[in-house]
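What follows is a single chain, given as structure tokens, in the form predicted on its own.
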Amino acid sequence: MASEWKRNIPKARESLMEIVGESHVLCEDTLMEPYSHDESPVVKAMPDLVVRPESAQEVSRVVKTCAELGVPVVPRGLGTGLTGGSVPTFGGVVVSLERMNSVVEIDEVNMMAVVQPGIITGEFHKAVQARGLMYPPDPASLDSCSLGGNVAENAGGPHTLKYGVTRNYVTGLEVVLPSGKILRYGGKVLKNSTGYDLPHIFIGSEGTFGIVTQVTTKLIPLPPASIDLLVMFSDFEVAAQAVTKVMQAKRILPAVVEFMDRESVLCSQRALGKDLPFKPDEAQLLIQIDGYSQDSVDAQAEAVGEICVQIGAQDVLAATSQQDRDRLWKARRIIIEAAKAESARVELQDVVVPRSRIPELLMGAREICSKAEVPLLCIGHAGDGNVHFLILKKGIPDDRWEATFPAVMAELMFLALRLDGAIAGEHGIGTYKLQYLDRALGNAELEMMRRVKTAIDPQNIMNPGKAISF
């Protein structure tokens, strides 16, 4: 099968050049190399071609051409994924949406926006905030990831706790199907029960059902008041109890509840080259309260602080100015860069468990990595149970790493499942986590996923080998 479509690559190149222009079809290895990987150090594969269209019509023609020639198509945003979702595992044509990066419309009256998929999420945030509005989903890579990629992964971020994930804000999509046909569904409406909810089939499908070429999202008013709290604990189980108590309290709903373990804080401290303005205790919570009344926000923040102290917090620091906020968040914001400064290879993978079981997850993860003598940092979203493991190669010889790391990752994934969790909270399955999928889902669920994939993409040319295997 592969040998048949490989012979069609020269013909595909000529046709694609006619569609998007010669300068936007890349075929030299040096130019295609950036498209051969994402942010995961594990998954890498060279495409046969890279094409950079600038409109839905061009994407449609590109996909139709590839479908006719049987050539695999791999949609790509800005390549910030962590599971190989945009990597051309089997070769084929990478369709990069980097040129489709405009905010088409910000409709202040209806509080809606229409954007192209290549827009950087952080730039979209700034555009709507300038109008006094907010688009809440905020993945850690928001300054470099694309909104189309967020749709493909159903991205979340720290504000998921209060505001939800990407799926909660998309009200309409324009998608190019594997046949090249353009599907449009939804729009600037908050309710729509006209037939099946088609946009939500595509959200989180990791580009295996089609290529998103336009997104309509709802917006909310930008909360004018906020306070950030840094709460320190000498015991992670106590910190988890504090999170539970805060979430159970009446009239309190934090916008953000993040955590870092001691090793993460120390790693950030080493990267900064100076002590942080707080003690690196066993666990730290970063809690943000926001709202439309400063008095209300102040009252909630005071109540949260009291709850944490009663549970056993060592200290609570509050920040209202941007300068003070930056000081509190500094360690959290640089942790990934700090880890990479200490280790040439850093594996960053996520799982999710009920938030009450985070202590069990962290204790189990530490035991697994300690036994394997592999350095581990833990950060994540305490409010929704989404934990991110940073596993560092740091001084481990290549042969021992290659022999040890796969088993460590498998144990971490299966630990999350034993704790009633899931193997991906917001990073997706991609190709990297396919090996754990049959343990995470039952036969009935897997078969249903395969039937949906086959119905939408009978040729299996749209991002093959991702999210589901055959």
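Predicted model, so just to flag it, every value in this text is computed and none were measured. Just count from 1 along the sequence shown to find any residue number.
The same protein also exists as the form predicted together with a small molecule; that form is not shown, yet it is the one meant from here on.
The listed set Glu33, Glu68, Glu39, Glu54 contains one residue whose heavy atoms approach the small molecule in the model of the complex to within 4.5 Å, identified as Glu39. Scanning Ala283, Leu361, Cys308, Leu97 against the small molecule in the model of the complex with a 4.5 Å heavy atom cut-off leaves one residue, Leu97. Shown alone, this chain has one stretch from 260-268, 234-242, 394-402, 142-150 that lies within 4.5 Å of the small molecule in the model of the complex by heavy atoms: 142-150. The closest non-hydrogen atom of Leu78 lies within 4.5 Å of the small molecule in the model of the complex. Put simply, Gly157 is close to the small molecule in the model of the complex: some heavy atom of it is within 4.5 Å. A residue is said to contact a partner when one of its heavy atoms sits within 4.5 Å of a partner heavy atom; Asp228 fails this definition for the small molecule in the model of the complex, lying far away. Contact annotation: Asp48 falls outside 4.5 Å of the small molecule in the model of the complex, judged by heavy atom distances.
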